[in-house]
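Here we start with a single chain on its own, the form predicted alone, put down as structure tokens.
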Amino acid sequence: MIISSGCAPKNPLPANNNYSSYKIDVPFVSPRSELCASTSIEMVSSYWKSITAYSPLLTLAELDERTLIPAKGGTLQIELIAAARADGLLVYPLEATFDALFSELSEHHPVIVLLNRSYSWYPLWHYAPITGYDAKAQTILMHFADTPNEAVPIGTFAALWERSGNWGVVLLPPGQLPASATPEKFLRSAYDLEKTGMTNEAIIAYKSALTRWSDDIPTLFALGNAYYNSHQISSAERVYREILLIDFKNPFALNNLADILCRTGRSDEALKLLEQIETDDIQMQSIIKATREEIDKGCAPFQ
């Protein structure tokens, strides 16, 4: 039962809002006690599997094992996020606004939200994927309980969502971009994939980001480093050179390119690149010094 206090919540949307109706065909999985987090991931994962080349990495039983905390009788947000990444999905934190929510729905990106169905002093937490919006009826559509695409009045939804700090996440295959993404925030989400060992998925995410923000140097640098760390040296060199076409004095790109040149038998060219670096940053100066010393000793070739 959805519990709310006081008068019926008012419509939180501006009177002149232009939000349209959307319905996303997210497969429905019947709710299971204490397992709403894994169930929500499974539903969104199955949706992406049905319309893209994405293939889930975890079974529902494995998602259950990764998310459920028996002592808490549920799942913390950090466990949901970690399990979704382990399933091969990029996790993008949703901005806590209706504009961000509706921008994702308009691109047919289901959003998992956390709702408190009770009071702040006696919370009943529940994860659920939002599957659409009915503009005429002014209801949010959700796989909330026993019924697929359950219609929740927008005012009621807003009151429940506010109790969780308007928390929500967009789960996407690495080749997809959130509609509401910003370069810096998306880069953090993609890098989180790489940190968990999913370098290939991170590379796909970085490349996807560059289709929208082609000259974003932090994303280019992350892509170059991911190529380097996965021993795709020619691709890493290409990306570092691309950065230098945008910012010819970028010290990180110059240093990393010099490292590649030295390790591929081009020490003279590597030293010339280091000579171009101008920086007052002490840490950067230390990195450059180490690279120069490596060149002087003779760089070990890539294996």
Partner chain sequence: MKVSKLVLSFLLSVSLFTQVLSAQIASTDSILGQSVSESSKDKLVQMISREDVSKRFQELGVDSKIIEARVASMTDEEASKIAYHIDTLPAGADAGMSIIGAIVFVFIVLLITDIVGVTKVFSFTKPINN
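Residue numbers count along the first chain shown, from 1. What you are looking at is a predicted structure, and each value in this text was computed from that prediction instead of being measured.
Below: the form predicted in complex with the partner chain, not depicted.
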Quick one: of I277, L68, L244, M43, which gets a non-hydrogen atom within 4.5 angstroms of the partner chain in the predicted bound form?
-> L68
Of the residues V26, V239, L273, C36, which one places a heavy atom within 4.5 Å of the partner chain in the predicted bound form?
-> C36
If contact means any heavy atom within 4.5 Å, which of 193 to 201, 98 to 106, 172 to 180, 132 to 140 contacts the partner chain in the predicted bound form?
-> 193 to 201
Though only this chain appears here, would G165 touch the partner chain in the predicted bound form if you measure heavy atom gaps against 4.5 Å?
-> no
Residue contact check: W125 to the partner chain in the predicted bound form, 4.5 Å heavy atom | yes
Do P153 and the partner chain share at least one heavy atom pair within 4.5 Å in the predicted bound form?
-> no
Proximity of G74 to the partner chain in the predicted bound form, heavy atoms at 4.5 Å = yes
Taking the partner chain in the predicted bound form and a 4.5 Å non-hydrogen atom cutoff, the residues of 242 to 260 making contact are F252, N255, N256, D259
